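Shown next as structure tokens: one chain only, the form predicted on its own.
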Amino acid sequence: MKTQIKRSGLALSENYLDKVAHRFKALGEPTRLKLVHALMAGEKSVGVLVEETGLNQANASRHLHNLVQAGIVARRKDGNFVYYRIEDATVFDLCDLVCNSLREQHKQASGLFQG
């Protein structure tokens, strides 16, 4: 069965919709968003990400693995070090859209309560 997406006009298969949901699920976890935010400045080692986010290494590695599986982040190994970077730059646009939308909603909601 195909589902019609109104904005793009594309008919998407259930399999494709599952992949889209997987991508959103990966970004729907605050810890992963914290890691994505840290990587927006560029490639970083796990050690640097642990320092910057306050996560322990095992937790950071688990979440980074999920982001890699979703195609959002890429990893490379250099000797004993593992480095991560944003693989899909559309995540920058997506984050901007969501953050700007929330900012606008907050601004409108605050305006309701001002004299």
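What you see is a predicted model; the values in this text were computed from it and never measured. In case it trips you up, residue 1 is the first one in the sequence shown, and so on.
Although not depicted, the form predicted in complex with the DNA is the subject of the following passage.
*Asks:* In the model of the complex, does each of E29, S45 and R62 have a heavy atom within 4.5 Å of the DNA?
*Replies:* Checking in the model of the complex: E29, S45 and R62 are all within 4.5 Å of the DNA.
*Asks:* With the partner left out of view, is K19 within 4.5 angstroms of the DNA in the model of the complex by any non-hydrogen atom?
*Replies:* Taking the distances in the model of the complex, the answer for K19 is no, it never comes within 4.5 Å of the DNA.
*Asks:* Is A58 part of the interface with the DNA in the model of the complex - any heavy atom within 4.5 Å?
*Replies:* So A58 counts as contacting the DNA.
*Asks:* Does any heavy atom of H37 come within 4.5 Å of a heavy atom of the DNA in the model of the complex?
*Replies:* The answer is no: H37 has no heavy atom within 4.5 Å of the DNA.
*Asks:* Wondering, does V82 line up within 4.5 Å of the DNA in the model of the complex on heavy atoms?
*Replies:* Yes.
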